[in-house]
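Before any questions on how it binds or moves, here is one chain, the form predicted alone, in structure tokens.
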Amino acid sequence: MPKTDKNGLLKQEKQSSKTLLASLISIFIGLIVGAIVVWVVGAVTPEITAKGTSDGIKLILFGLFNTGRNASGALTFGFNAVNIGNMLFRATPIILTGLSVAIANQTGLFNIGAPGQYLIGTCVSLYLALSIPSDKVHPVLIWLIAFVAAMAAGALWGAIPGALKAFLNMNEVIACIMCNWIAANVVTWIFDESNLKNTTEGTKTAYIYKTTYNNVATGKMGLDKIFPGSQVNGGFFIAVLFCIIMWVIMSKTTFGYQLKACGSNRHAAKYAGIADKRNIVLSMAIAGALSSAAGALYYLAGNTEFFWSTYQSLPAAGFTGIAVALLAVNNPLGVIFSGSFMSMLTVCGTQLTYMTPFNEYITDVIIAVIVYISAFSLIIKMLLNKRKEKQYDKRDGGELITPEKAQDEPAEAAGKEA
């Protein structure tokens, strides 16, 4: 391997380590700020005692391992199968929406359309899963049909803003926002006209049946043995598998290189012979398929009923994916950990609400701080790298030379001497 290639690899590894360090620092600062917020709120609220404040800080930091209170009323901590299993279940959709946003970001696009794509995947998967009779078709086959169809529908929905960007040069953010609300109203209309509404329980007429209604639900894949009593299922493994596949595609294949090249400079990529329009559409189609997979896995699990009046709001998982991607710095493997961390904060917020006088909105403050610090730390890292790379050499009359050029100079000098 040439010397410059080794230097390039070393530089890439250093950049990756700096990026990981920046994300870890952001998480640490966010948790510390969250603990400070809990302390301040406890200090200014007369109803909250010092013990309540202390418990709130403990739950923010270690709520995932909370096992309740002992006879004296003190919090106890240890392996909590329910909390950890529920964390993995809730992490599944935001890992996939985070992956969707991350892949689009790597290709120079901002996929703020993840909520609409999430809804499309939810609609198609539930409609097929509940409409195909499970007494005539095997439930596993129904699940596969519903999941694959949901991803295909999401790919088509994501391709719409991609096509508008590629062929009409329309800003993808505007196109995605319009598609979000179109999806919300279309999904509401489809379920409103369907016979899938839960009519067996009088208070739940605005909800769709769970997939357990006809025994079509995501398999546990043995996770129910490790985390008994929780909602976890094999969907988490599927989400992790997608992250690994997308990392391989984006890092190790020509197709991934072409997608990133179009994102870096569309016109230069086109000049180099890369089909820029096709790759823009494909990028958004992949992002749409991943977001739809998130919705499908969440509701095919059979744990949660879907509220069909979606025109009133958009799913939070789609927007949380933006924070997940930012915290992972658009790394498909990093999305697994950042998505799990965000899910952990949600579980900790639930513990905080039920076991202390605090409310769950403190976790939203923590997430906001983490995202903000992540963006700020990336800016600092970028400025530091730029300052380090540019070295002023007076010997060359003030020419700006990079470390790579400085390393190549001895080889050039040796060639001249020869």
Partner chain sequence: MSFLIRQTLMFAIPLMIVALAGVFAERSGIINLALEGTMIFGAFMGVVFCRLLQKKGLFETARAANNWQALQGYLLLALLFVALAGAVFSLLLALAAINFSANQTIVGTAMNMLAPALVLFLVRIIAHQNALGLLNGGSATFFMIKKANLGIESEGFLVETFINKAYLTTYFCILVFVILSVILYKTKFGLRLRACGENPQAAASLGINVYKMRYIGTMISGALAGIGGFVFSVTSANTTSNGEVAGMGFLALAVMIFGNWKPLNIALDAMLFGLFKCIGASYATLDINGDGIFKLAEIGISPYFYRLLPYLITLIVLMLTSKSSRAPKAEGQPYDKGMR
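Residue numbers count along the first chain shown, from 1. From a predicted model like this one, the values you see are computed outputs, not experimental measurements.
The form predicted together with its partner chain is left out here; the points below concern that form.
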property: Partner contact for Asp135 in the predicted bound form: its partner chain, 4.5 angstroms, heavy atom; result: no
property: Its partner chain contact at Trp181 in the predicted bound form, heavy atom, 4.5 Å; result: yes
property: 4.5 angstroms heavy atom contact with its partner chain in the predicted bound form for Pro357; result: yes
property: Leu168: touches its partner chain in the predicted bound form, heavy atom cutoff 4.5 angstroms; result: yes
property: Stretch from 126-134, 172-180, 291-299, 213-221 whose residues place a heavy atom within 4.5 Å of its partner chain in the predicted bound form; result: 172-180
property: Contact check for Val38, Ile112 and Tyr361 against its partner chain in the predicted bound form, heavy atom at 4.5 Å; result: yes
property: Contact residue in the predicted bound form, chosen from Ala152, Leu196, Leu164, Val329 - any heavy atom within 4.5 Å of its partner chain; result: Leu164
property: In the predicted bound form, the residue from Ile367, Ile57, Ile29, Leu64 that sits within 4.5 Å of its partner chain by heavy atoms; result: Ile367
